[in-house]
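Read the single chain below, which is given as structure tokens and is the form predicted alone.
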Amino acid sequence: MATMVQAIRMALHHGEKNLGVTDIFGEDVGAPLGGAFTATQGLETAWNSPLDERGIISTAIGLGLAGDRCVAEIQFCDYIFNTVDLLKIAGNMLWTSNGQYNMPIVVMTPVGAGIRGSVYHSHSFDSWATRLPGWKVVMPSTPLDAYGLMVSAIKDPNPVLFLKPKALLRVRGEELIPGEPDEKTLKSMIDAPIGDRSKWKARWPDLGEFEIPIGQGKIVREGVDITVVSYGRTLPLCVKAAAELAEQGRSVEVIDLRSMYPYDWAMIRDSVRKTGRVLFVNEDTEVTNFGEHLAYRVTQELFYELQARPRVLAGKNLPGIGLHPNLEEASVPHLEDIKHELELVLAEVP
């Protein structure tokens, strides 16, 4: 099975070969490194930009206005904040031009904790991203979803933010991408060797057509007692928490949102109507968290169908995440935190 970073790499190759991607660029994105997490290793159109996040986004906007499809990477989302005004311009373009200018660009960036990245390499960006009108925003939790969402992002005429959960980039999937070879063969084909890479070239597998529509969530575990909605790094933890609570006779439905904008409200609505209880989980900071918007909408539209208050479990409202493992562990939700919150919602009496 491919890892998430391998899946992203294969989707980008599919994009440059079949979907008209002309440029894949960012800091250390080209040879020999292929990105800080190797997501662009071996790609023909990948090149290294200067260490200038504003220049990267500006270049992407220019390419988009010229009608080219490009994928730009900000090496860590911690360094995307000084580009917010430019991201706003990109998101405004179609609207302010009265539909004359599309912006077919993808901006991808690693997000979240889980790699002991400390203050400058552990931020989340999902809540900020959803406040950028005109952008679509996705975050996968599996390699298969990463591949399918990247293909859809490349095809989309709108600007798309592709948020990569750092903690899951090396995690192998449980579902094969159509046409994916076995693990050992795939590694020999697309992973660059250690040492001299000057003559190395990737050999890309012939993958079948596969994409996941942006805005389509997925029920990864069905249940009837409570709904938990998550995405990215915390999604596998929610699945594990649901499995452990099942041993106690509690039935937890788990939704992988996959897209934060547009998001699958119909799936959330139908699930909450069925269970009457809901918990939203992510690792971004808890104040003005995206989960708060979802909880607000549930309260507004489904109030009389609820059996308990909607709850949000998110990261602590701190300026950053400390380097020491104990500080990181205490800053973002973990398995026991999720189980505890689920038990609180389940215990609430209407």
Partner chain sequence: MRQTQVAKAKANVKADAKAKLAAGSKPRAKIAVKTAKPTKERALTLLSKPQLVNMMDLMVKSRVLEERLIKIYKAGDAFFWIGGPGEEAFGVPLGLLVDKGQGPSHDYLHLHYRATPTLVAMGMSYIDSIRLIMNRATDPSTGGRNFANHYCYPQWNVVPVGSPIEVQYGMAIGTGISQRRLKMKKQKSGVSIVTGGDAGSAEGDFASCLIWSSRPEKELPLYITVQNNKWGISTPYSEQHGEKNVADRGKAFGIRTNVVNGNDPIETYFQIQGDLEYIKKNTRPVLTEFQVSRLYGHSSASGANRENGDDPIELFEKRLVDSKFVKPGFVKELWTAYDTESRQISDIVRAEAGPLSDTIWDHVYVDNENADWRKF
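Positions refer to the first chain, counted from 1. Treat the numbers as computed from the prediction; the structure is a model and nothing was measured.
In what follows, reference is made to the form predicted in complex with its partner chain, a form of this protein that is not presented.
Undergrad: So which stretch, 278 to 286, 291 to 299, 308 to 316, 321 to 329, is the one near its partner chain in the predicted complex (non-hydrogen atoms, 4.5 Å)?
TA: Selected range: 291 to 299.
Undergrad: Just one of 220, 189, 171, 94 has a heavy atom within 4.5 angstroms of its partner chain in the predicted complex, so which one?
TA: Here the answer is residue option 94.
Undergrad: Would residue 233 count as touching its partner chain in the predicted complex under a 4.5 Å heavy atom rule?
TA: Residue 233: no contact with its partner chain in the predicted complex.
Undergrad: Can any non-hydrogen atom of residue 65 be found within 4.5 angstroms of its partner chain in the predicted complex?
TA: Answer yes; at least one heavy atom of residue 65 falls within 4.5 Å of its partner chain in the predicted complex.
Undergrad: Any of the heavy atoms of residue 33 lying within 4.5 Å of its partner chain in the predicted complex?
TA: The answer is no: residue 33 has no heavy atom within 4.5 Å of its partner chain.
Undergrad: Though only this chain appears here, would residue 85 touch its partner chain in the predicted complex if you measure heavy atom gaps against 4.5 Å?
TA: Looking in the predicted complex, residue contacts with its partner chain include residue 85, since a heavy atom lies within 4.5 Å.
Undergrad: Could you pull out the residues of 115 to 147 that have any heavy atom within 4.5 Å of its partner chain in the predicted complex?
TA: Contacting residues: 134, 135, 136.
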